[in-house]
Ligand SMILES: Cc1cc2nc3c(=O)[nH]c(=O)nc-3n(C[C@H](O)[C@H](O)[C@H](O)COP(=O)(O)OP(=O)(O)OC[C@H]3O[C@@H](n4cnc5c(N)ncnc54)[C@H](O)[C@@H]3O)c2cc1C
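Shown below, as structure tokens, is a lone chain in the form predicted alone; questions about how it binds or moves come after it.
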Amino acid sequence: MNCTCSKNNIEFYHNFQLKNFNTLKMSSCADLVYFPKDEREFCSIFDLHDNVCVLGWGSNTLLSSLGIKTPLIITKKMSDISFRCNTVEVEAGASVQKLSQEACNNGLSGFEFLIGIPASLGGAVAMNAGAHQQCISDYIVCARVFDVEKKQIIVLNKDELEFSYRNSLIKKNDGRFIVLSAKFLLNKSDKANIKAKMDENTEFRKRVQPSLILPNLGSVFKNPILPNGEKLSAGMLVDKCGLKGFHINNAGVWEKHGNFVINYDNCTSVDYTNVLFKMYDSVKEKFNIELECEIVRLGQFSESEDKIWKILKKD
């Protein structure tokens, strides 16, 4: 791994190992990685390359075991969080767990649900992250977004971001728009009450979701909604197929919840993808319900993985 800062003084590396930059702890080598510190550096990278990928905290992203050939931006150093009265402006690379804690420190309520989510702000906005009947779109005012096609920064308000369940304009136009920062409006509240709610959410998460001691990407399938509006639990459907604890090599369905896939010991992206397909195929066969994967991918994948992914993804 080599480091230099000669390209517009932006920190970058060749042959960079990404195992510690994704929550699945997937071994994946990137040919070229940039770590911009601000919007100016971020945007200038697109003057150097025609095609660029972006990674935040890697909590919802399956990296290819074959590696990443496309230049990659990691946004972790774009992590400023600033408060003014009831509003907070947050850069894309900021940890939403840190954001939740700092909102509490400032006596602002609304982000208690973020305390257990290991994600960056940019990724959380793109997928409209949520928990405990709350989501990012409940509090967002607007986002500063880089339009890759026009190579310019635009500001999109809440309506223009087209939020829906685990979806947004950003996610629906994969690669076209990239979140740089966002502004939110929160509610003044008592710090003790905010902290109590955060503690409650943390304890709930410990009971029903694996900690990152067991490397995982979070829940893998969206909870399906039936034509009559009934919302089902993807984990419950997988459980009823008897798949808790199911393994393919070193990737497996978590023994305590059917909607999490664990990397038990240096699994490959092929192992992980095949486990996802087993879950999908079993639920389709037993219940005639086609689960939709909410994980995204990054890198060069095998032909067999690509075939499965066309089935797992609907958007």
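Just count from 1 along the sequence shown to find any residue number. Small disclaimer: the values here were computed from a predicted structure and weren't measured.
Just so you know, the form predicted together with the named molecule exists too; it's not on screen, but the next bit is about it.
Checking 111, 184, 177, 221 against the named molecule in the model of the complex, a heavy atom within 4.5 Å turns up for just one residue: 177. The contact residue chosen from 129, 88, 237, 161 relative to the named molecule in the model of the complex is 129, the criterion being a non-hydrogen atom within 4.5 angstroms. Contact check at 4.5 Å (heavy atoms) against the named molecule in the model of the complex: none of 169, 225 and 293 pass. Using a 4.5 angstroms limit between non-hydrogen atoms, residue 36 is distant from the named molecule in the model of the complex. Not displayed here, the named molecule is approached by residue 118 to within 4.5 Å at the level of heavy atoms in the model of the complex. In the model of the complex, no heavy atom of residue 258 sits within 4.5 Å of the named molecule. Taking non-hydrogen atoms only, residue 61 approaches the named molecule to within 4.5 angstroms in the model of the complex. Partner proximity in the model of the complex, defined as non-hydrogen atoms within 4.5 angstroms of the named molecule, places exactly one of 226-234, 103-111, 191-199, 129-137 at the interface: 129-137.
Shown without its partner, the chain has 23, 54, 55, 56, 57 in segment 21-57 as residues with a non-hydrogen atom within 4.5 angstroms of the named molecule in the model of the complex.
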